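Just the one chain here, laid out as structure tokens, in the form predicted on its own.
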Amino acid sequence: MASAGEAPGGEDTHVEKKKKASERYWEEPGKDGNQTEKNDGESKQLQHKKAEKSRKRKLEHKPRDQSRGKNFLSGKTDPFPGPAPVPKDRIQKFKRKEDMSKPRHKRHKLRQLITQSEDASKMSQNQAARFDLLLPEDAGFLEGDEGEDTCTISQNDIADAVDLASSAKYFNLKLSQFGPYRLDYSKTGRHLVLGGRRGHIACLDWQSKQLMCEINVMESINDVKWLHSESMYAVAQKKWLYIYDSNGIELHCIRKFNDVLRMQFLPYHFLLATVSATSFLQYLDVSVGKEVAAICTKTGRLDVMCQNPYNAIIHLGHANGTVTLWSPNQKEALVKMLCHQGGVRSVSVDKTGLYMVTSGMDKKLKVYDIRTFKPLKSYFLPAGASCLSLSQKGLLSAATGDIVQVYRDVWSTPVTKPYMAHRVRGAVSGLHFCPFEDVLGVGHGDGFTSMLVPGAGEPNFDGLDANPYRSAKQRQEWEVKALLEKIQPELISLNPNKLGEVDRATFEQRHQDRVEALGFDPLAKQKFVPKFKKKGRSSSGAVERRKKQVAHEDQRELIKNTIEQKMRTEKEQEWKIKESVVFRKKSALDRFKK
């Protein structure tokens, strides 16, 4: 009889025996069950470690350009990991603003916004500096042989020396029947419009020499000007102002603008500024066709006009030798400058808005710094200059009778001789440098001349702003975006940087009115009240410690500002002492000083 703890030898019981683990091909045969369980436990630990390592690797994963010393398939490491460094001077060139001071306490959202803004500014600054290295073209100037003046080199010699595409840009149009001619290039520099005094108008793609339209209005023409694109242009005729399209079809006749003599178009404001023989300065918004402002200058006939591309201020020259600066927001002149002893014949402003060049009846050519409104240089021309024009790279062209002279670096160094000179077939009536091309257009009594002036144009253009190679579809897209980003005429001011500043006088007045209405100052700094904390952390000692910590931080900030101001004043005093020592006259008793 079997014992109670054992089952009888041929009978099955309800308790199953523990099955033996099946053998695997990687396990050695003959191992017992304990060894198998041990191996299973070790394999589980290894799997867990591998999963942990892969998880850490995913967390530490970085983009390819930020990885340091990444291994390649060949087993080698990158000797120059990460993006290529950008020189600091190039980054400084595109610097937009100084770093802002962040608030210390609370205002976490404001701190986050300031940080995000600074990061975006630095990223765009680095990208602009990096892309600046990729600009394909470089500006070049005309250089003569040893002992040879560049002003003696003729246009035919230059055309023979350059390539075929550049030599085709030098040409003459003989239009002696309807001259003298006024001219204007489009913003992209691709298209040209000519207006003859006796009514002839021609619009053409001057690079391909393709004529777009040619009409005769049977009326005297005072000036022509392209509008925002090459599809429309304005013509100042004898009586009124007319708008034509590129096919020569009359679109508008604006009778409010009568006796117009000169015009300027402000591209970012879509404003056409005109001056008339009746002493009126008028602004026309070409996007809606309405007159924005009409200002009576009370200075007589106005036939000298130019614009400042930097701030859209209009400069007018008068017969009494003064130059006045105007904005559509004021009925009086912003600035009045006495520039010449005789009448002003021509005015031009460079694209940076820093320098203004004027010529007068006193046969003088003067260069002014617009920031200080003071003359920098003054040159005497034997016959005076009737027309002036400044290029994108700072070259100045001046017309004296039938001779066109080009000067270089007129505001930085004294100029003794011209950079280039050319004689045309009639008295010059209009000068204009072509944007993004080394070309000067000259309108005269016998037609039109296109001169080659090396180093005049900006070699690299912004394809999003003025693209000479854009298609009709791209022009339409650009026009829509430009209309959406149009600047209102109320924002035109002498200093455009003031638009981003706070009007503190108005703000303080409003704040005072608010304090009087509420009976307390809502912006005053509230006394620090510690929050109540649980678990014994708001004992009287802990609360006092927190109060002292906040007070110390405020005091530390005050002390830091005081020390910085003190160091600044000390440096200024040391610099003044050094200057006085340098410029003071030496004495024989100085040797006794220690």
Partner chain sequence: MKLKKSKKIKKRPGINDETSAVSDEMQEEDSEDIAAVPDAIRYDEDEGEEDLNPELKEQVGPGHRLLGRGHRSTRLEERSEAALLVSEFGANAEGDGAKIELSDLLPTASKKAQKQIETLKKSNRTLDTPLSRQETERIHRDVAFQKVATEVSQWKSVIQQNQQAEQLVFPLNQEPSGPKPIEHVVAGWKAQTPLEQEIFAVLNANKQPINNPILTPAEEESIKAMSLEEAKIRRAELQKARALQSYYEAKARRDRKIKSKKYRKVHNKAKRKEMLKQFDEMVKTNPEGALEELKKLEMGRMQERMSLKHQNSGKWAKSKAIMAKYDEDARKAMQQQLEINKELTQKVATALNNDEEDEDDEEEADTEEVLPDFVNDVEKAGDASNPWMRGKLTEEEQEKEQESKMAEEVILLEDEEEMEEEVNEEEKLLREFENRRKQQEEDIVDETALSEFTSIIRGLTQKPEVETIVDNSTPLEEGLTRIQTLEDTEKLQETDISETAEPEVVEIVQADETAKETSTKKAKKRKRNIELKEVITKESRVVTVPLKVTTEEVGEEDMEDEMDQRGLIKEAFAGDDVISDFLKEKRKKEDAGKPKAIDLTLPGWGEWGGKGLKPSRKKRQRFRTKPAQAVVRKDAKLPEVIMSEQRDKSITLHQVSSLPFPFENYAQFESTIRCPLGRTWNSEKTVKKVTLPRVVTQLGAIIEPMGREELKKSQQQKAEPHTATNQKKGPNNISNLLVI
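Residue numbers count along the first chain shown, from 1. For the two forms, the rigid core is made up of the largest set of C-alpha atoms that agree within 1.5 Å on superposition. The shown structure was predicted, so the numbers you read here are calculated from the model rather than taken from an experiment.
The form predicted together with its partner chain is left out here; the points below concern that form.
Quick one: does residue 505 come within 4.5 Å of its partner chain in the model of the complex, counting heavy atoms only?
Residue 505: yes, in contact with its partner chain in the model of the complex.
Taking 4.5 angstroms as the cut-off for heavy atoms, does residue 279 touch its partner chain in the model of the complex?
It does not: once its partner chain is placed as it appears in the model of the complex, residue 279 has no heavy atom within 4.5 Å of it.
Answer yes if any heavy atom of residue 340 is within 4.5 Å of a heavy atom of its partner chain in the model of the complex; otherwise answer no.
Yes, residue 340 lies within 4.5 Å of its partner chain in the model of the complex.
Given that its partner chain is not shown alongside this chain, does residue 490 nevertheless sit within 4.5 Å of it in the model of the complex, heavy atom to heavy atom?
It does: once its partner chain is placed as it appears in the model of the complex, residue 490 has a heavy atom within 4.5 Å of it.
Heavy atom within 4.5 Å of its partner chain in the model of the complex - residue from 422, 191, 315, 408:
Here the answer is residue option 422.
Which residue, 401, 463, 87, 300, has a heavy atom that falls within 4.5 Å of its partner chain in the model of the complex?
When its partner chain is considered in the model of the complex, the option within 4.5 Å is 401.
Segment that reaches its partner chain in the model of the complex - one of 388-396, 125-133, 251-259, 235-243, heavy atoms within 4.5 Å
The contacting stretch is 125-133.
Could you tell me if all three of 110, 197 and 379 have a heavy atom no more than 4.5 Å from its partner chain in the model of the complex?
So, yes: the whole triplet contacts its partner chain.
Listed by sequence position, which residues of 324-358 have a non-hydrogen atom within 4.5 angstroms of its partner chain in the model of the complex?
Residues within 4.5 Å: 329, 330, 332, 333, 334, 335, 336, 337, 338, 339, 340, 341, 345.
Once you overlay the rigid core, does the Cα of residue 122 travel 2 Å or further between this form and the one not shown?
Yes: residue 122 shifts by at least 2 Å between this form and the one not shown.
Rigid-core frame, C-alpha of residue 113, shift of 2 angstroms or more between this form and the one not shown:
Yes.
For a quick test of reading the superposition: does residue 375 move by 2 Å or more at the CA between this form and the one not shown, rigid core aligned?
After core superposition, the displacement of the residue 375 C-alpha between this form and the one not shown stays below 2 Å, so no.
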